[in-house]
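This document opens with one chain alone, in structure tokens, the form predicted on its own.
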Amino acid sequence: MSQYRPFTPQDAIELAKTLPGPFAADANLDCHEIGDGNLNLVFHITDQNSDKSIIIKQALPYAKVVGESWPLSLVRARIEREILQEEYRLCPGMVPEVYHYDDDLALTVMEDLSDHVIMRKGLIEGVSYPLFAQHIGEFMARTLFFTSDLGMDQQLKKEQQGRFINPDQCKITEDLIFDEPYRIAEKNNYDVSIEDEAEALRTDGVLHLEVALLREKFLTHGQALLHGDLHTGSIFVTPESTKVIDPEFAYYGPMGFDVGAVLANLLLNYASLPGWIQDETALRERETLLLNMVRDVWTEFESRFRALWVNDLVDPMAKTPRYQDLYVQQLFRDSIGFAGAKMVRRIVGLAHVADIDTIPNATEREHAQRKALSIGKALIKNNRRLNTIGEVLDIVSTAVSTNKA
């Protein structure tokens, strides 16, 4: 049995040399630690004699962003690897292929996606991804439908739920998204210039009720096997390709949490745009593109999800007239509420987004923070009455106008 130890770049090279397949016997291997996340080591191994390369990802037994005072279970590495394999089965080509793993060392060897870029970076740089909505709509529809009671044997689903209990990662989500932003908490992190906004979050009883309902759903509603952290920093893209990475927060939860995460991160980028684009015409064009992408992500997801329901349903009672419509309506409302909660936490909580945090001008950065909070709060407060993505975009527009005033 392997003895766990955090890898060094040399350790990663030595492991790579033993793997069958990726590299020739005379390979000249180079390694760089490229992990910029909060929880893991990520090694990029390249062969200087060819174009071959791999990624080795190893979980740390603590949160890197805080240190050893925040211990974490290494079981999450096994969960992440198995989720990648399951997602690859359901959506081949949309996640990196797993080549090798060692659960005792909490590491996974996988396909290198260096020919793609992290979507968050691409969006900040103004790149367009015309196929993204189709791709992510398909990914979410298939991974959520086929791991739910709608698309798989219910007894098998119960067994799978037990395999993917992920308490440490869920606790992080529960605290950082559904608790700490709404009270004084040590891990909260925000600029002093928006202290008034943070105080408003702590004292808004109407908002707290909606967050409590969303939190209850996250805690208790095991609809499907979620990615659990499906933001634009967990998606590699090119204009023609989409690859989802980092499902270490996976567990059985409400489908809308994944869908809402994608929508939230597109809206966070939307809120940041005036901080990056000075030309008024270019700004309006980019804002329209982002809002259209929000619309298209939901539309593509809903269309594909409903098609799977028609063609691949395994639950006979789910064929009951109107059940599909009611189910999708609730899924939509959940998605919007979770999107709002995701936006709020990225402004006042522990971990932020580069879209907003790296805006060079402090005044523009503050304006983006306030805009994101305004949108997020509006989505949370209104989620239970919304029926269409058009209504959501109207709420976004109203929230932005109110924020300007």
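The model shown is predicted, which means the values in this text are computed figures rather than measured ones. Numbers for residues come from their place in the sequence shown, where the first is 1.
This next part talks about the form predicted in complex with a further copy of the same chain, which is not shown.
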{"query": "Region of this chain that lies against a further copy of the same chain in the predicted bound form, out of 217-225, 293-301, 192-200, 82-90 [heavy atom, 4.5 Å]", "finding": "217-225"}
{"query": "4.5 Å heavy atom contact with a further copy of the same chain in the predicted bound form for all of 13, 18 and 74", "finding": "no"}
{"query": "Selected contact from 186, 159, 115, 240, since only one has a non-hydrogen atom within 4.5 angstroms of a further copy of the same chain in the predicted bound form", "finding": "159"}
{"query": "Listed residue (111, 104, 174, 312) with a non-hydrogen atom within 4.5 angstroms of a further copy of the same chain in the predicted bound form", "finding": "174"}
{"query": "4.5 angstroms heavy atom contact with a further copy of the same chain in the predicted bound form for residue 213", "finding": "yes"}
{"query": "Contact label in the predicted bound form: residue 307 to a further copy of the same chain, heavy atom within 4.5 Å", "finding": "no"}
{"query": "4.5 Å heavy atom contact, residue 130 and a further copy of the same chain in the predicted bound form", "finding": "no"}
{"query": "Partner proximity in the predicted bound form: residue 167 to a further copy of the same chain, non-hydrogen atom cutoff 4.5 Å", "finding": "yes"}
